[in-house]
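Encoded as structure tokens, the following chain is the form predicted alone, with no partner shown.
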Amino acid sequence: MKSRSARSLTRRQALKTGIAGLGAVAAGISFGRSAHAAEDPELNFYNWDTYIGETTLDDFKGVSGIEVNMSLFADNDELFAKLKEGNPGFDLIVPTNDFVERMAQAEMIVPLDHSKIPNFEKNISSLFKDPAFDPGRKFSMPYMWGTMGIGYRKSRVKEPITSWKTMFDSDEYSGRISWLSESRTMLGIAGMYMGHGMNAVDPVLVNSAADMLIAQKPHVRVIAEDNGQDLLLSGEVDLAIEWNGDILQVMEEDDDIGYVIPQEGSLVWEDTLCIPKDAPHPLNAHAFINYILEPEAGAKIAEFIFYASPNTAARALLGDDYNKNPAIFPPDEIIAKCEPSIYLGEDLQRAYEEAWTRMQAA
């Protein structure tokens, strides 16, 4: 779900992980001309910022001959707006769970041909086979999942961070915190702190969350375009609301940075792979989805971007540093306090967006 912001090139070059020597993953994959004979060998991929393995696109081209052109979006709102008036030419997109349902209802994404994605049945955990937001995986394939929490500089906090109060209802760290510029997510977790839950259906409650954010806004240094982890790493802020993988990336560079899911609970999300309506290369898109769900390809992605993979076969290739990291895979008792964002219909979606716009303008 998120910008999943890029590490620097030097950091990428320095990253030497347990599967660095796997090489291209051609084994067991067939990319005969029948797979994409009617399509040019290209794929237009609309993705979160560097939310892909370091060599994934080149590896895929090596085994398929298909050139992947990747464009970036900052959040689900931007993705939705870009496609709302028609597909400008994308073949594959990465919406989060609630936006899958929203886009399916708006007929913005098309049903998938599961016969062209055999790795879904072979490699994906049963927990991700039949989600409520997309029964039977008609429109989406699971990509990554994770949580929203607080990244913080350990040496700059007076005591352990345990509550969203620090970010939403306190002047203790005035001028030293960043929020995330994503309307539904921010109002949802504000609602969790207030006891309303992630998916309040009463516009009065939505606006009460916005009122709380407005009152706290003078203490916020920046409402970040999904680069809170970079601000934390540079020392511009000491606390940042961010996606767990983004914070894990900077924790690799600075051991003074930590990550916590507050005691009130938080957002748990799943990002997916979908083919938008009028995609010019849908066969290539199916081939790329199936490739990403290969064990080796999935493992290389997961280990590079630090998000939780739903791919059981990929996880089997990774070590304890990944599989037993509680910031990637939180304990069950923590996950039990978290909620997914649910698509509540266009009227309530508009209520959230208008409340957020009011907060931004205040």
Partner chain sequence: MESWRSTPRVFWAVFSAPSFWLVAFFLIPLSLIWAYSFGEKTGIIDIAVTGTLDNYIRAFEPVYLQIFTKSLWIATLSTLICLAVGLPVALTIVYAPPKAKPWLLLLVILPFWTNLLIRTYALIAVLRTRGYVNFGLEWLYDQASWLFQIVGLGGLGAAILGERFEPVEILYNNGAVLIGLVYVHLPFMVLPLYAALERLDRSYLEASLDLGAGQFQTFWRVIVPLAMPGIVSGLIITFIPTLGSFLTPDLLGGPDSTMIANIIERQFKSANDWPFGSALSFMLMYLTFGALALRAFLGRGRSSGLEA
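Residue numbers count along the first chain shown, from 1. Every value quoted in this text rests on a predicted model; they were computed, and no experiment measured them.
One more form of this protein should be noted, the form predicted together with its partner chain, which is absent from this view; the next part is about it.
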**OP:** Find out whether any non-hydrogen atom of residue 226 is located within 4.5 angstroms of its partner chain in the model of the complex, and reply yes or no.
**Re:** no
Original post:
in the model of the complex, does residue 115 have a heavy atom within 4.5 Å of its partner chain?
Top reply: no
Subject >> is_contact(residue 205, its partner chain) in the model of the complex, heavy atom dist at most 4.5 Å >> reply: no
**OP:** Please check if residue 222 has a heavy atom lying within 4.5 Å of any heavy atom of its partner chain in the model of the complex.
**Re:** yes
Subject >> Contacting member of 172, 236, 278, 253, with respect to its partner chain in the model of the complex [4.5 Å, heavy atom] >> reply: 236
**OP:** Quick one: from 166, 87, 181, 290, grab the residue that has a heavy atom within 4.5 Å of its partner chain in the model of the complex.
**Re:** 181
**OP:** From the candidate stretches 131-139, 97-105, 264-272, 282-290, select the single one in contact with its partner chain in the model of the complex, where contact means a heavy atom within 4.5 Å.
**Re:** 97-105
Original post:
With the partner left out here, if you bring back its partner chain in the model of the complex, are 77, 350 and 354 all within 4.5 Å of it by some heavy atom?
Top reply: yes
